[in-house]
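In the block that follows, a single chain appears as structure tokens, in the form predicted alone.
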Amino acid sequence: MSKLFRAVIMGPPGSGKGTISERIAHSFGLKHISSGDFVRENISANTEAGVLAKTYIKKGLLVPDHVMTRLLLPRLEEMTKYSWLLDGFPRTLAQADALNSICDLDVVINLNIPLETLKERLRHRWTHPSSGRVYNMYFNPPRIQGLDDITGEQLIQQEDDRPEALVARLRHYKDIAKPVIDLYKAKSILYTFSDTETDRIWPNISTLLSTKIPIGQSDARCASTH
């Protein structure tokens, strides 16, 4: 059996993790696991961990490490036959240590986007609250302004996407991400990409992964995920 490939993508809010993750999943046949989507699924399904996560989210707090690991690790332990890309987890060193206890990562992609670019992107970001779908009024606008493409429901601008909250939010990300970045750098699996546009970053990420995932293996894995 081909060796499975396990990767993580990191980056601050507005760095393009979702867009890059979708391209990686499509091009290389990896399962894309978004921690945000998974949290929302668990909340909708009223699982025990989902109900717990909801209590923090309703208060405007980050879901703590012990709840996130309780949500994500069992799912990852089930995916023994698949190669995957994890998006949004681990956020903290405690989460990274928990992930390290169940698997070895092959690659960690770190998106290092200039602060002014992040502020500009987030200023134009609108969200469909119940699904978590994100739109950007410049490069990914909804078909009808202010409405979700699928449900037709109103889009909102998150409080923490507003300019006054942005700098504090991005500074907080930098503080908690640094030990995680240092950990993966020490393991020699961290690859950092910097630019102001996703389309300019993508070819470099694609080239890297092409050297890490032989085409034959990615095709086989792609077929096995459907």
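What we label the rigid core is the largest C-alpha set whose atoms superpose within 1.5 Å from one form to the other. Here the structure is a predicted model, which means the values were calculated and not measured. Each residue number is its position in the shown sequence, starting from 1.
There is also a form predicted in complex with a small molecule; it is not shown, and the following applies to it.
In summary, among the residues Ser27, Thr192, Thr196, Thr47, the only one with a non-hydrogen atom within 4.5 Å of the small molecule in the predicted complex is Thr196. In the predicted complex, at least one heavy atom of Phe139 sits within 4.5 Å of the small molecule. At a distance threshold of 4.5 angstroms between non-hydrogen atoms, Arg125 is in contact with the small molecule in the predicted complex. By the criterion of a heavy atom within 4.5 Å, Tyr135 is counted among the residues contacting the small molecule in the predicted complex.
The small molecule in the predicted complex is approached by Arg169, whose closest heavy atom lies within 4.5 angstroms of it. Note on the interface: of 77-85, 149-157, 127-135, 99-107, the segment with non-hydrogen atoms within 4.5 angstroms of the small molecule in the predicted complex is 127-135. For Gly88, the Cα coordinates differ by under 2 angstroms between this form and the one not shown after the core has been superposed. Once the rigid core is overlaid between this form and the one not shown, His128 counts among the residues whose Cα shifts by 2 Å or more.
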